[in-house]
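Structure 1 and structure 2 below are the same protein chain in two forms, each given by itself as structure tokens.
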Structure 1
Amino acid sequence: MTFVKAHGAGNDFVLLPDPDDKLELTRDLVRALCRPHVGLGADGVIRIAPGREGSGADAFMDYRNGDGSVAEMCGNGVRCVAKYLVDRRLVDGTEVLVDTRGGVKRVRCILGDTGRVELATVGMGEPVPLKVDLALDVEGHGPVHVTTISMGNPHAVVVVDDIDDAPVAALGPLLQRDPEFPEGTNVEFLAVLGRDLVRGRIWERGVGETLASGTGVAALAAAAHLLGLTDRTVTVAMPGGDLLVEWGEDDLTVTGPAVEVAAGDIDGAWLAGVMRR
């Protein structure tokens, strides 16, 4: 079984190329691959399969979270899939259609000096503003002002003065389970550095603080603009790297890095051990 280890702004994946669409991703295999120390360690596994019939796509991104559950879409992952396909000339040119459980995504790749993909742009759909500058009474924190946005999944964005001191671990879990969000919410923190630059940190629902999340970065930039703090085009500096968000007429795109760290083969004996469990 061949693999590629890749990341987008620190959100990392084990890519498993599966051109013949025959690889069975069991929950045990996904978990074992994602475990640090005794596996490869990653946030998720992406099986790169052929585009589903009628999708017109170049490939299907079969995304699994580290706990083995299925995910619809991952903005950072889809950039890595596009890089994989373009770098290996498995598609013509630098534009890739990636089929996901959340629909077909068009990814435009930008090549570096070496002729390989360094950045990629993906449309994340239109942000749906819900409540702008809503004051929530959070125990121990007093009134907390949040702007809530749907990117298909729920987000609550909080503006802070200093991103390094942002109460991510303290406020994140409290907001996540606030009665305002019956299904929970992702929580984003942002600090404004200018009309075109913010810094951000993300508390992912059910996960904790993460280095980056495509929908989180999109929601964060949309909230900053809705609050009148930034323009429609803004760079979001995240702990894992910078992402450029452009909120156009009918789509919001995120441009960010796609990095390949290593590629090779999963050990056969290790794999047999996982399958035997």
Structure 2
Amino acid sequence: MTFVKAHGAGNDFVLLPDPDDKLELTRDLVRALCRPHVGLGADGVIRIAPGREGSGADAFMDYRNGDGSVAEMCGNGVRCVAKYLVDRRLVDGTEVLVDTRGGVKRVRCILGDTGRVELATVGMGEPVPLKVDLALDVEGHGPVHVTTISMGNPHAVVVVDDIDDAPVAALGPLLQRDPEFPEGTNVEFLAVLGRDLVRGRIWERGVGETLASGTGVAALAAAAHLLGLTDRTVTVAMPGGDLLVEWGEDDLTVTGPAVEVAAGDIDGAWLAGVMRR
């Protein structure tokens, strides 16, 4: 089994090319691959398969969180998939259509001096505001005000004064499991530095805190604008790097890096041991 290790602004993935659409991503396999020290270590696993029938896409991004659960969409992951396809000339040109459980996403790749993809812009679709400034009674934290948004997956955004002191590890999992979100939610913490600059941290459903998240920064930027705190174009500074979010009339785009770290083959004996579990 071949793999590629890639990341977008520190949000890292194991990519598994599956051109014949035969690989089964079991929960045990995903968890084993994502485990640090004894696996490859990653926030999630992406199986790159042919586009599903009728999608018109160049590939299907079958994304799983590090705990093995299925995710609808990943904005950083979809840029890494596009880079994989463009760098290997598996598509014509630098524009890619990637089929996801959150819909088909158009990715425009930007080549560097080496001729390989360095940056990519993905159309995330129109944010769907659900509840703005909703007060939730969270045990041990009192009323917590969140703005909930769907980016094809669920998000709850909390505005804080100091992003470095934000209670991500304490409050993130409590909000993720709050009764308001029966299927769980991603939780974002937002500090506004200006009309065109914010800082964020993310507690990702099924993963924990991550260095970045494409859908997460989209939700952060959308919430900040809905609350009247920023304009429609904003740089979101994440622990893993900066991403540019532009909310137009009928789409929201995220531009950021796509980086490949390594490629190789998974050891057969290790893989057989995982499959026997």
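Throughout, residue numbering runs from 1 along the sequence of structure 1. Throughout, rigid core stands for the largest set of C-alpha atoms superposing within 1.5 Å between the two forms. Predicted model, so just to flag it, every value in this text is computed and none were measured.
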property: Selected structure - the one that is the form predicted alone; result: 2
property: Did R195 shift 2 Å or more between structures 1 and 2, C-alpha, core superposed; result: yes
property: Yes/no, D92 Cα shift of 2 Å or more between structures 1 and 2 with rigid core fixed; result: no
property: Hinge rotation between structures 1 and 2 - smaller rigid part turning relative to the larger, in degrees; result: 16
property: Core-aligned CA shift between structures 1 and 2 for G142 (Å); result: 8.1
property: Angstrom shift of the Cα atom of K131 between structures 1 and 2 (superposition on rigid core); result: 5.7
